[in-house]
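Before any questions on binding or motion, here is one chain by itself as structure tokens, the form predicted on its own.
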């Protein structure tokens, strides 16, 4: 049974040392009770406290780390059913499958695609996270050779070893045990052998069974063999089954604290048709899959999936925003145009991107409006003539340019007259309403 904050508080040192990052031990206890903190954050917790609170303070979905070093990815460690309740924490991991029959050039092509997959979207670097080497040949030596190729060519990329044959897994993990791979998968037939490998190599282990009842039995069995870091595969491959079974697993873990299902979920979204694969992967992102395996990672597909993942794993209660500043776009000089927008990340990066596309070096004044878009900030009274004038004056924008012309978004053209009153000597120019019209607007002024 879960302990209350007051019950947890009794086991804490009560020194209010703040080493855990919280102002008091009671505040920390409340966070532990809400599954929003880990007991590991308290360096002074006694052995008795760790024993008594270890299970009670553990997150309902166990955290599992795949890989080692800077490239390692963390999955699980989630505490809510819906992102608006608190937010989702560890984004779904995308992994591309490389069959052991694709050794050589075919494998090298996919490896390069993973290394070149990074995109920059609203200030965040998004990419394909892992590679799943999949046994198709039945030959441990072939499997091991592809694993070695991946390790040699992409040493920092986390690995998933996919085979139900323990001999194949042993051959492959010999080349990457220090990389902390995920082994897929233990089944009812091979559980003992797979658990033995996972324990010896300190690797995480996926358990796979057809249906939730069999999965529960298998996860308990493997945990009883001493493997703690588990990943679940209930065998769902159709969209309907994915939604149903992944939701049941998450609900059992979060709402019922049902430990046999309190692990991250792996989803095989692999399809021959690229559009169908993208749709299946999208369901995984939205419905609790922590690891998603894909056959291919075409640019268009990953742009869609990475953007979706970014949105799902963004805190909906905290607007994405950039720091207030006067930003230099290109080789801006004193006579370069000066534009203004709000600090909503999407607004900033879209506007900046279009200014860059124009090839007209410019200054971009980004004003703090608590992360609101232009129209929303204007409607909320946070993007007014008075506030803009104060920002321009205090920012020292006039030191960056040798002119006094400010280009404002077309959607707030109504502010132009008031701004000229608030900024004596400044010329206020109304720019286009939509950012995609900025290139032609700026070129037309050059």
Partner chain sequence: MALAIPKETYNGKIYNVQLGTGDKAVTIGGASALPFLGFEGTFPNKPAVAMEVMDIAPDEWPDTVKNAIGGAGASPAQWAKFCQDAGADMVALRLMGTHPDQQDKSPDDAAKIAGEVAAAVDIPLMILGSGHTEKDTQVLQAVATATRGKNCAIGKAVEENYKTIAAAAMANDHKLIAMSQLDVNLAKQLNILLSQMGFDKERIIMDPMSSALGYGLEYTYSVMERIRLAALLQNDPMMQTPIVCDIGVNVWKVKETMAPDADVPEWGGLEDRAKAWEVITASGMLASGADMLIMRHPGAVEKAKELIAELM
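No experiment lies behind these values; they were computed from the predicted model shown. Positions refer to the first chain, counted from 1.
What follows is about the form predicted together with its partner chain, which we do not show.
- When you look in the model of the complex, the only residue of 136, 112, 334, 220 with a non-hydrogen atom within 4.5 Å of its partner chain is 220.
- Among 199, 359, 251, 328, the residue placing a heavy atom within 4.5 Å of its partner chain in the model of the complex is 251.
- Mapping the unseen interface onto this chain, residue 311 counts among the residues with a heavy atom inside 4.5 Å of its partner chain in the model of the complex.
- Its partner chain in the model of the complex is approached by residue 271, whose closest heavy atom lies within 4.5 angstroms of it.
- Remark: residue 84 counts among the residues lining its partner chain in the model of the complex, judged by a heavy atom distance of 4.5 Å or less.
- Taking the partner from elsewhere, residue 295 is found to have every heavy atom lying beyond 4.5 Å of its partner chain in the model of the complex.
- Judged against its partner chain in the model of the complex with a 4.5 angstroms heavy atom cut-off, the residues 141, 145 and 165 are out of contact without exception.
- Note that among 186-194, 68-76, 154-162, 254-262, the stretch whose heavy atoms approach its partner chain to within 4.5 Å in the model of the complex is 254-262.
- Taking its partner chain as it sits in the model of the complex, the stretch 286-320 comes within 4.5 angstroms of it through a non-hydrogen atom at 286, 287, 299, 300, 303, 304, 307, 308, 311, 312, 314, 319.
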